[in-house]
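Before any questions on how it binds or moves, here is one chain, the form predicted on its own, in structure tokens.
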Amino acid sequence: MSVEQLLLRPSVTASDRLLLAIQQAIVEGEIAPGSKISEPELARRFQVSRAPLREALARLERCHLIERVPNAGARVVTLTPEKLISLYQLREELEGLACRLAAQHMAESEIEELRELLDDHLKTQRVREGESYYQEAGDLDFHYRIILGSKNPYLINLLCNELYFLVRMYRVQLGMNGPRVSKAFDEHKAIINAIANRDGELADLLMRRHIGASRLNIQIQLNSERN
């Protein structure tokens, strides 16, 4: 389910809708990395009062999209090579583990749904031609689905809640286009095959290599922007 579809669900509270809307704006760069957070400006933009906005900002800080800078107030996080390396080192370890657990615990129906998800991704012209590989958040995201398939609640909370949107910020703004598109898609297919064959060791190794290659791709872009 996409963020837009989630925002329309009646069970989603106004506070959740506000959080999701600001999260999406930050992840997609509409609110620029490193920019100062202005509560009056955000309140006008999203047509909310200051109380729910402050609650949303506190939640955004907990998921690492906003940081408090001494004597400068709150800002959107900056995307740097140093932060990328720290974050992706953690991703390699934990998503590798998620793959190993998914090979043990995912039902055959879940694996088939994951294959269907990749088929849907390939149907987009941009993926077929190697131009870009944009995945919606949540259960339309290949990585998210594998993490859920691990069936480990602590792992799911860390990767699908606490760190998820910070990871997406790097992926969406810097990692979903260019020459890595077709390679990334093929790597996804190989990971699914390993999970389907119940080969946890191979699935773990392939995911680590996949995330490592993505890190290097993003790091090159960040370094070129810095220079």
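Each residue number is its position in the shown sequence, starting from 1. The shown structure was predicted, so the numbers you read here are calculated from the model rather than taken from an experiment. If you superpose the two forms and keep the largest set of C-alpha atoms that fall within 1.5 Å, you have the rigid core.
Not on display, but discussed next: the form predicted in complex with the DNA.
S.K.: Every residue in A14, K36 and A72 with a non-hydrogen atom within 4.5 Å of the DNA in the model of the complex?
M.R.: Spot residues vs the DNA: full contact, yes.
S.K.: At the 4.5 Å heavy atom threshold, is N161 in contact with the DNA in the model of the complex?
M.R.: Heavy-atom contact with the DNA at 4.5 Å: absent for N161.
S.K.: Would R54 count as touching the DNA in the model of the complex under a 4.5 Å heavy atom rule?
M.R.: Yes - in the model of the complex, heavy atoms of R54 and the DNA come within 4.5 Å of each other.
S.K.: Answer yes if any heavy atom of R62 is within 4.5 Å of a heavy atom of the DNA in the model of the complex; otherwise answer no.
M.R.: Residue-level check for R62: no, no contact with the DNA.
S.K.: In the model of the complex, is there a heavy atom of the DNA that lies within 4.5 Å of any heavy atom of M169, even though the partner is absent here?
M.R.: It does not: once the DNA is placed as it appears in the model of the complex, M169 has no heavy atom within 4.5 Å of it.
S.K.: Heavy atoms within 4.5 Å of the DNA in the model of the complex: which of the stretches 27-35, 161-169, 64-72, 191-199 has them?
M.R.: The contacting stretch here is 64-72.
S.K.: Taking 2 Å as the cut-off, check whether the CA of H64 shifts that much or more between this form and the one not shown after a rigid core fit.
M.R.: False for H64: its C-alpha shift is below 2 Å.
S.K.: Does N197 move its CA by 2 angstroms or more between this form and the one not shown when the core is aligned?
M.R.: False for N197: its C-alpha shift is below 2 Å.
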